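One chain follows as structure tokens, the form predicted alone.
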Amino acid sequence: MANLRWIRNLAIFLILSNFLVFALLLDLSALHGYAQLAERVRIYETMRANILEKESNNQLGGRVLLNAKERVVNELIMLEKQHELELGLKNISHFQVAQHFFRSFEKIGNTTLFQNLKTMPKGGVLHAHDMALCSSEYLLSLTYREHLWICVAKSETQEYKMLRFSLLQPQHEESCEWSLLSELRQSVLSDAVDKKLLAQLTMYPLEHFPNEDTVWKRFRSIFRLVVGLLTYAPVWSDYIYKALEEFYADGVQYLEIRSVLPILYDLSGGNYTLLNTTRVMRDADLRFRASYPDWIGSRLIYAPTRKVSDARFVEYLGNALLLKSHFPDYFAGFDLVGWEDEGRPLHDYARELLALQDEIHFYFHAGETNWYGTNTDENLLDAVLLGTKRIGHGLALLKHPEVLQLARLRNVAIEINPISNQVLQYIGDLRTHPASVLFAVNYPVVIASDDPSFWKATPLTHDFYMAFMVIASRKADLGLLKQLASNSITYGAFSGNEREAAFEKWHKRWNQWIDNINTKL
């Protein structure tokens, strides 16, 4: 019995010993597993931090070094930005920038961030059209001048179709009837006339249109309404000067105006040409420079419509050469404007444009479309091959990686117009704007306003605000804003010496702005 008990105890001992050994091995294995997992987590977190840091450094403005004073301002700017973004992250309905501009611009204008951006020296606007520069309130004030006639539609809507200064009633129009505006204001309540005029001078408040045809029909109706008002010779001079004042007040120091160069008129039937139109613009700029020494200047990009015959296009190029010879310091280059989907593609005019490639600088609108694989988006390729210095809009650029690579190789900047893209229904929520990718890869872009008057926007601040808040990364800071302002001078139509002087004027105002904010803190 004793032997059996001894054998049983030995068996139990062996079993327990093996169990302890097994348990010990499990513990060692677990410790090894924990150590291995910890190493994996460390590598993962390190790689994640490195990638995010690399992306941050490589994005637009990511390598801009801020001095001590700028870093203080940056903290303020970023607190304001993060505050607005946090509201959106908690409840998207409270995030103004994700909404249509017409629903958000008044609230945006009341934010501290917007007020700081408004006074910020933003460099230049390199993409703005002649008939849509000044505020609609200023345009309304012009309608109180003498001898202004208005053509009212014969339809039930009684829309205002055209405006024209004249001593006598203008020629008969089939679709509308002419009346002196002063008499219309007497027969109808003046406030009602002004309210209706203001409604027709902008796209506001119409957020949605059935298709591109209707949105562009509405857009072009504004041009038709204002052209007779603005091309009256005494008004054109005042209008251009007022435009410079409004842009300057919005933190802009340089402006490139795309103009169709409409032929001016007066009450006595004066004989005007596009040279007269240009001279008035140039003289307004010279007067403005004399009054505002830190104003860098303005320049003309001659930009007639893109939907014309070959013969008419050759005439356009002749005009461009004429302008260059008469105004070498004011004429910047050539473009074609109008609804790109409807107009003729650049490829149609390639031969004529190549012949003048060394004589005239090109600044082509291209890729302002939602189509893919059409003549419209392929305008991007033709623009780059034809030697364009910049591309206007370029919304379809990401759909053409070879063109994007070639454009970057040739250092072709893209003119981004956020609010225009939304109002004309190319983009809905601006968080989805394709320019976000360009920002992420540090592609050379500039922010412009296109036709700010037509969407009740400021000359540039609203577009800067939109770009900073949602097109750029949430983490993009003052370095981005400084880079965007700097880009507008880097890619402006300057010679070497002019660019250096322009940078000097901008840097001076930038430093003053930084000092002013620091003083208030």
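Numbers follow the displayed sequence, beginning with 1. Bear in mind the structure is a predicted one, so any value in this text is a computation, not a measurement.
Another form, the form predicted in complex with a further copy of the same chain, is not on view; read the next lines as being about it.
Contact with a further copy of the same chain in the model of the complex, defined as a heavy atom within 4.5 Å, holds for exactly one of 347, 326, 71, 287, namely 347.
Checking 270, 170, 373, 205 against a further copy of the same chain in the model of the complex, a heavy atom within 4.5 Å turns up for just one residue: 373. Within 4.5 Å of some heavy atom of a further copy of the same chain in the model of the complex lies at least one heavy atom of residue 91. Although the partner is absent here, residue 429 lies within 4.5 Å of a further copy of the same chain in the model of the complex, judged by heavy atoms.
For the chain shown alone, residue 436 is a contact residue for a further copy of the same chain in the model of the complex, at least one non-hydrogen atom being within 4.5 angstroms. Interface membership of residue 58, defined by any non-hydrogen atom within 4.5 Å of a further copy of the same chain in the model of the complex, is confirmed. Comment: 91-99 is the region of 91-99, 232-240, 293-301, 143-151 lying near a further copy of the same chain in the model of the complex, near meaning a non-hydrogen atom within 4.5 Å. Although a further copy of the same chain is not shown here, in the model of the complex the stretch 387-408 places heavy atoms of 398, 399, 400, 401, 402, 403, 405, 406 within 4.5 Å of it, in sequence order.
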